[in-house]
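The chain that follows stands alone, in the form predicted on its own, written as structure tokens.
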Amino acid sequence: MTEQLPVDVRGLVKRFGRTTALDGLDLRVRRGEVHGFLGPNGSGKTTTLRVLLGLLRRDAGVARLFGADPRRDAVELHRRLAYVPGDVALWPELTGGETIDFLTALRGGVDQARRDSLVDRFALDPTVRGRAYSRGNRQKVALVAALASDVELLVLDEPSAGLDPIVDAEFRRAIGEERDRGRTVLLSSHVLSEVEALCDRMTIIHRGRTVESGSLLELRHLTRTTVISELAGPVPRLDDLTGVHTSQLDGRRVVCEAEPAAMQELMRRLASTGIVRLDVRPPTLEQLFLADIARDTGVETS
């Protein structure tokens, strides 16, 4: 029997009146990976997550968690997953520790040692009541509860919002540990550096549709590599090379952008003059993101 994907979304459609929030969206998350879910505000990320959590009913398409229906099988599925929204609301009279214990009890159980370790690492005072917490501390409560729960899938929607840099670094380390333990993570984020650092694969969406999906290495074919070189002799002719775009010449220093197919010939010509210094910068996630949005909208982003 084929193993069921933790998240399997195909052709998902969701409408709110005359507004189509999701327009045939596809999203597949493999077991044991950290999967980034990227898109600008209003692209449909939160709507997708709410369908997967059983909070919204889909209008068309397929949405499955571990092969089960998010609405029909919500009770069973919510024992196997933990969700952290981007702006956490807590019970005002419960302390942070009581909230963590309550949430973990609703799921598959708690790793007590990890719970206590995360409380220390996130610098959380668990004796404070929910009404007294700042936004960042409310996020910490939800993150500790999720990361300490004995679940198979973490669904995180802008989870680091409100965290200070020190706690954010701990959060990133904790997600790396979850990957090492074989946990599956679906991470929706606007922080491109966070996704680039943490995610094995990613899906980029825009206007309710999937634009691209794959690993960062697989998606880097979509844009150009920046090459900065200082040469021993005069800069060779480059303007006749298809796929090489020279942006700056300064004496024996040249800065250009090259498409993958042109890299070998570009390196050959630069080496023919003698390379003193070379800096090759692959496209960043931000460049990929902007390139994908440009393709989807037909508007240049550079």
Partner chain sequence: MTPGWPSGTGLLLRRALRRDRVRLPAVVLGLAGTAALSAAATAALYPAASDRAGAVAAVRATPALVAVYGPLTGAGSAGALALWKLGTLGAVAAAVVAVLTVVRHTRAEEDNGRAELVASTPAGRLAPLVAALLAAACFAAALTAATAAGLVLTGVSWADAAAFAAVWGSAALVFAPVAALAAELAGSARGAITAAVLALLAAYVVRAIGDADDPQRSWLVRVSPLGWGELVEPFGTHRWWLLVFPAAAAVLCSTAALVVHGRRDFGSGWLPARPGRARGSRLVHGPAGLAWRRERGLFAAWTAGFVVVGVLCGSVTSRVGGLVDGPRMREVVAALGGPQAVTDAFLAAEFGLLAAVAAIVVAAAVLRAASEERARRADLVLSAPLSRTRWLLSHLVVACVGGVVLLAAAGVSVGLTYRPGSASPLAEVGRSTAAALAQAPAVVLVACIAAALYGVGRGVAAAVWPVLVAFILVAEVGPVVGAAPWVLDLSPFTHVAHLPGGTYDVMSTLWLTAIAAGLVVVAVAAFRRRDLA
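Residue numbers count along the first chain shown, from 1. Not measured: the values here are computed from a predicted model.
Separately, the form predicted in complex with the partner chain exists; it is not shown, and the next lines address it.
Each of R10, N41 and G44 within 4.5 Å of the partner chain in the predicted bound form, by any heavy atom, yes or no? The answer is no: none of the three residues contacts the partner (heavy atom, 4.5 Å cut-off).
196-204, 180-188, 71-79, 211-219: which one contacts the partner chain in the predicted bound form at 4.5 Å, heavy atom to heavy atom? In the other structure, the partner sits against 71-79.
Which pick from I166, A123, L106, A232 sits with a heavy atom within 4.5 Å of the partner chain in the predicted bound form? Among I166, A123, L106, A232, a heavy atom within 4.5 Å of the partner chain in the predicted bound form occurs only for L106.
In the predicted bound form, the residue from I275, A261, L55, A60 that sits within 4.5 Å of the partner chain by heavy atoms: Selected residue: L55.
Heavy atom of S134 within 4.5 Å of the partner chain in the predicted bound form: S134: no, not in contact with the partner chain in the predicted bound form.
So in the predicted bound form, does any heavy atom of L153 sit within 4.5 Å of the partner chain? L153: no contact with the partner chain in the predicted bound form.
Looking at the partner-bound form in the predicted bound form, is Y83 within 4.5 Å of the partner chain by any heavy atom? Taking the distances in the predicted bound form, the answer for Y83 is yes, it comes within 4.5 Å of the partner chain.
Looking in the predicted bound form, any heavy atom of G162 within 4.5 Å of the partner chain? G162: no, not in contact with the partner chain in the predicted bound form.
In the predicted bound form, residues of 101-128 near the partner chain [heavy atom within 4.5 Å]: The stretch touches the partner through D101, F102, L103, A105, L106, R107, Q112, R115, D116, P126, T127.
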